[in-house]
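One chain follows as structure tokens, the form predicted on its own.
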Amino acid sequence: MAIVRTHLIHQEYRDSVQLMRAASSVSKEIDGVKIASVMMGTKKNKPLLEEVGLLTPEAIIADANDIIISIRADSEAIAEAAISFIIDYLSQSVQSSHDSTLLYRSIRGALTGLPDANLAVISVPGEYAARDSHIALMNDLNVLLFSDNISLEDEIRLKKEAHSKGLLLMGPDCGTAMIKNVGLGFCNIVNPGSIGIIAASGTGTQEVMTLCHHLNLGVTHAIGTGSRDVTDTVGGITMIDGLHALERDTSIKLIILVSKPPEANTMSKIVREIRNCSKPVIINFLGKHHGYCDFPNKSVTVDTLEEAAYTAATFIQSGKLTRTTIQFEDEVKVVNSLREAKQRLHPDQKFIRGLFAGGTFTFEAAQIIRDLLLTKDSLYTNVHLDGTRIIENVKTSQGNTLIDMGADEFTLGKPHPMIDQTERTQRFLKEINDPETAVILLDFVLGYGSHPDPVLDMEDAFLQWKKNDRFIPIVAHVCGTPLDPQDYNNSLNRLASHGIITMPTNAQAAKLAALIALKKDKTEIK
């Protein structure tokens, strides 16, 4: 019978990404660890421990400045070994950071040592993040607010403070940004250039910036807004302030906006600002089809992240702001894949199963696949998109199913799939054993913050797939560049070596998966 053990590290703070990495590492390194959770002892984190059965008496009394290590394991010895492993892991990571980073205990202390600094990255528990963001703004620092669990009232107050001082507050829950070609949070390495991005989506930003890189374009700024910015309650404060900031920057020649559709009043505000902007703007409000905000020579709307990048390439090369679409870059690969699928799929194999690390990739794929399927409301997912159905049980697929594995229901007390793919791997093995699965759709996100080798993380599962008697094609997309530490080209080559069909964009991967499930034998999509 499994036992639960807890250890507290008193009065020591680490950010959530570092703690999730520690939890992920121990689960892989020590056999017999059922669940490992490492998090700060805040009021908001304790219910997460309770949800997974790890809220012990020791965890209950933990202070918000304490690190809680909670382990469920097969034995006392395994639990103690896991706790020791995590303590050593955190200790080594501190030593590594000491070797290369100046450490300060407060924002004001940091400003004393770095008087020319103009941006602060805030990654502390939510109940302290608003306070620290306010201090940063009062000291004339722009803010990247990585923390979540910030109240809506605090978000609005902080964004108004930033606006009044001519500063940007990116977030809260802003996981990706780039300023002057320096990546912040989960970000890829791309060439600098004349494009600026403003986005309410982390993986949406990463897809556009990496595709621009592959098209020999350059991105210098990527301003994250946080997902709530485009609600009418917040009113698009950061998106509009970001537009003004990029308009003032003489190095930026083209602006790209990426988001789910803003709410009505905020949409009107943003459209008005675009109309008055002196620079061309490409708008990709996912889930909303093009044509809703086109002003000749001023702005153009596109349907997908891929179209945003291709339209940018057309503008940079020709000076013409024209929506540019593409069906497939490699027609031969697509034709061969469809021919093989039509010949080898069993009649009972009818459904797409998409397992995504990126929430925006889930949403974009759902938008594309929804429009290609012949039956209305025949796509189930855990993201909210008109024309799709919310799945009844996220743990079990029904019909055509696309799942954001980074949603809260999968990450309570567990690392995000961009860091640890254990949960996604288990779901993958379940899908390959379902006789109705026709095709599996995957994304792999490279860059700073992500797993050091996400393809390797799933290779054991791929070996199980190859042993399966049933033919089930896998279509995958890798979001990254050759400059990223995970080695983009090697990731593609290893996927291909397993027989996985790799596509250059999330949109093309989604289209191909839909055509395979529909048993099409041609690539023409009308």
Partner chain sequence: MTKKIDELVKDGPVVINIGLRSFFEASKTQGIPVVHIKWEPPARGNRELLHLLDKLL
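So that the term is clear: the rigid core is the largest set of C-alpha atoms that superpose within 1.5 Å between two forms. Positions refer to the first chain, counted from 1. What you see is a predicted model, and the numbers here were worked out from it, not measured in a lab.
Below, we turn to the form predicted in complex with the partner chain, even though it does not appear here.
- Of the stretches 138 to 146, 429 to 437, 272 to 280, 394 to 402, only 138 to 146 has residues with a heavy atom within 4.5 Å of the partner chain in the predicted complex.
- If you check the partner chain in the predicted complex, you find a heavy atom from every one of L119, L168 and A245 within 4.5 Å.
- With the partner removed from view, the residue among L373, I179, I83, A313 that has a non-hydrogen atom within 4.5 Å of the partner chain in the predicted complex turns out to be I179.
- Only one of A341, V124, L158, I352 comes within 4.5 Å of the partner chain in the predicted complex through a heavy atom, and that residue is V124.
- For the chain shown alone, D303 is not a contact residue for the partner chain in the predicted complex, no non-hydrogen atom being within 4.5 angstroms.
- Proximity of Y104 to the partner chain in the predicted complex: non-hydrogen atoms within 4.5 Å are present.
- At the 4.5 Å threshold, heavy atoms of Y448 reach the partner chain in the predicted complex.
- A residue is said to contact a partner when one of its heavy atoms sits within 4.5 Å of a partner heavy atom; L48 fails this definition for the partner chain in the predicted complex, lying far away.
- Residues of 325 to 352 that come within 4.5 Å of the partner chain in the predicted complex, judged by any heavy atom, do not exist; none qualify.
- With the core held fixed, the Cα of R21 is displaced between the shown form and the other one by 2 Å or more.
- Comparing the forms between the shown form and the other one on their rigid core, the Cα displacement of N45 reaches 2 Å or more.
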